[in-house]
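The data below hold one chain only, encoded as structure tokens and taken in the form predicted on its own.
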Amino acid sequence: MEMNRRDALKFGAVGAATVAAATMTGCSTKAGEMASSATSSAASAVGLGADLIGKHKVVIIGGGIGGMTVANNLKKKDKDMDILVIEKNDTFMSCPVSNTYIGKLEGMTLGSFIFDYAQPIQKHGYNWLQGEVMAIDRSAKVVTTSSGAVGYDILVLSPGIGYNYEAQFPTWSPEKIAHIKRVAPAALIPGSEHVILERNLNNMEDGDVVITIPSGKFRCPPAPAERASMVATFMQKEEIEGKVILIAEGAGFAKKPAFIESWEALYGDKIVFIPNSKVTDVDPDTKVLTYAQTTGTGKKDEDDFEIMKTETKTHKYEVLNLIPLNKASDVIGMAGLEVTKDTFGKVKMNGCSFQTKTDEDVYAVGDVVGHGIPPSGQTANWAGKQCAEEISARLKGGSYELPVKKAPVKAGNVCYSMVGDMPETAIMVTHDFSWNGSAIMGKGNVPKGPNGLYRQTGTAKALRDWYRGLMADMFS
């Protein structure tokens, strides 16, 4: 007799190896040298005035796609280069493609997205420090972490994003913000947030799932819409009655025509998009979300502009995926770099380069880069390789000019979004990168297949192939 999902105890297991925290001491030139005696020294070296536990030619903050790509490729250029990577987590978890885990696609378990740092460390031979960055002193060229303070000649920042609940919900107390983070996780930062969201979906009864799209710049613009697709897939498989409600502050979202076409064909009216709606409050006890929606009245004023009206509305949800305003990681603020004045605060770059405008000895890759290129796993990988070329050439006494300065880079970014299952179908966007004289820009294109549709089974296969290739580039 088959067991109904509401009667079954659902649980997941994560089979992932854990990298032991290792700290380095001294200005080691022997690749991969790990001094176990540094552990006790690191414990006391937490303040800015603390003694250094090591000094390195290149220090990279962040073991995500961008940071790991820089480290791996610098070592490919010079196996003896003295590199230290600082990362607060003991394992890597991928955000790209992780929505397929929410959709319960074949073979996509949590373990598909978690990798052990030990393999690339051993293969490439760079130093590793597990710890959280507490302060950066650019004048002294010192990074202070929870595991000790280290010096650098060149610093690379790839720290990812943070959430800005405080700016979006100024009346919320710190306690409420912490509670919302736990019960309605954004799941744009890899880790426990994805586990909590999956658990909430597994435990839900009939009802609606609400996903919010924040205003301003945020990590992976298509992610909320792809997640809506995968949640709808999950609900269909589990025969859960209800809708997926996607609420956005703006009128649109990335790849909107492609997603809408796919939703109408695959899910009918199961996915509902509510535009021009600002989330104002959440009551996690009653599971009610409040938002202000602005719509046209059909009437015009004396200047022939349509008169708009704003109404406060509420929606009862069973599961909430509240994605708040995104911002650059607090590490960027610690570095005291010049940033853009928008809500995100991207690092301003020094011309056609991944060197920062503020400090020639500080570079940046990943989500925080101030160029006009889309944030994505592919972009972080491309930028990481270009940054490694720049630094390597500089350390050899030469210079490196990014190819994009001479000619556009075709499909510098390729971003896939899974939209359906059985059979798997996906949509994609490509971006050509070009130099406009002040920034690297990306021009997007969302292609249709030979059948005239955006969604394609071949694109779904390409998504899986791309992901395997990216992870192999980083971890094998």
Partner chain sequence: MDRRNFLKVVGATGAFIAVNPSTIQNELFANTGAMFRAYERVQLLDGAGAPIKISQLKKEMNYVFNYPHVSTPAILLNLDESTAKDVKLTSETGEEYVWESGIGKDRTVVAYSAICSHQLAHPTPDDSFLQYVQKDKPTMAFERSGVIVCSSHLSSFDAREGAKRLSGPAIDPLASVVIEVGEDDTLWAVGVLGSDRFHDYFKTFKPELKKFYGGKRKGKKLVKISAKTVPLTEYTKEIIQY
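Remember, it's a predicted structure, so these values are computed and weren't measured experimentally. Numbering follows the first chain given and starts at 1.
From this point on, the text means the form predicted in complex with the partner chain, which you will not see here.
S.K.: State yes or no: in the predicted bound form, is some non-hydrogen atom of Val58 no more than 4.5 angstroms from a non-hydrogen atom of the partner chain?
M.R.: Judged by the heavy-atom cut-off of 4.5 Å, Val58 is well away from the partner chain in the predicted bound form.
S.K.: Should Lys104 be classed as touching the partner chain in the predicted bound form when contacts are defined as heavy atoms within 4.5 Å?
M.R.: No - in the predicted bound form, heavy atoms of Lys104 and the partner chain never come within 4.5 Å of each other.
S.K.: At the 4.5 Å heavy atom threshold, is Lys181 in contact with the partner chain in the predicted bound form?
M.R.: Looking in the predicted bound form, residue contacts with the partner chain do not include Lys181, since no heavy atom lies within 4.5 Å.
S.K.: Is there any non-hydrogen atom of Ala462 lying within 4.5 Å of the partner chain in the predicted bound form?
M.R.: Yes, Ala462 sits close enough to the partner chain in the predicted bound form that at least one of its heavy atoms falls within 4.5 Å.
S.K.: Of the options Asn164, Thr145, Gln378, Ser329, which one has a non-hydrogen atom that comes within 4.5 Å of the partner chain in the predicted bound form?
M.R.: By the 4.5 Å criterion, the partner-contacting residue is Gln378.
S.K.: Flag this candidate site as yes only if Lys176, Asp208 and Ile247 all have a heavy atom within 4.5 Å of the partner chain in the predicted bound form; otherwise mark no.
M.R.: Result no, not one residue of the spot touches the partner chain.
S.K.: Since the partner is left out here, which residues of 426-464 would have a heavy atom within 4.5 Å of the partner chain in the predicted bound form?
M.R.: Read in sequence order, the residues that approach the partner chain (within 4.5 Å, in the predicted bound form) are Met428, Thr430, Asn445, Pro447, Thr457, Gly458, Thr459, Lys461, Ala462.
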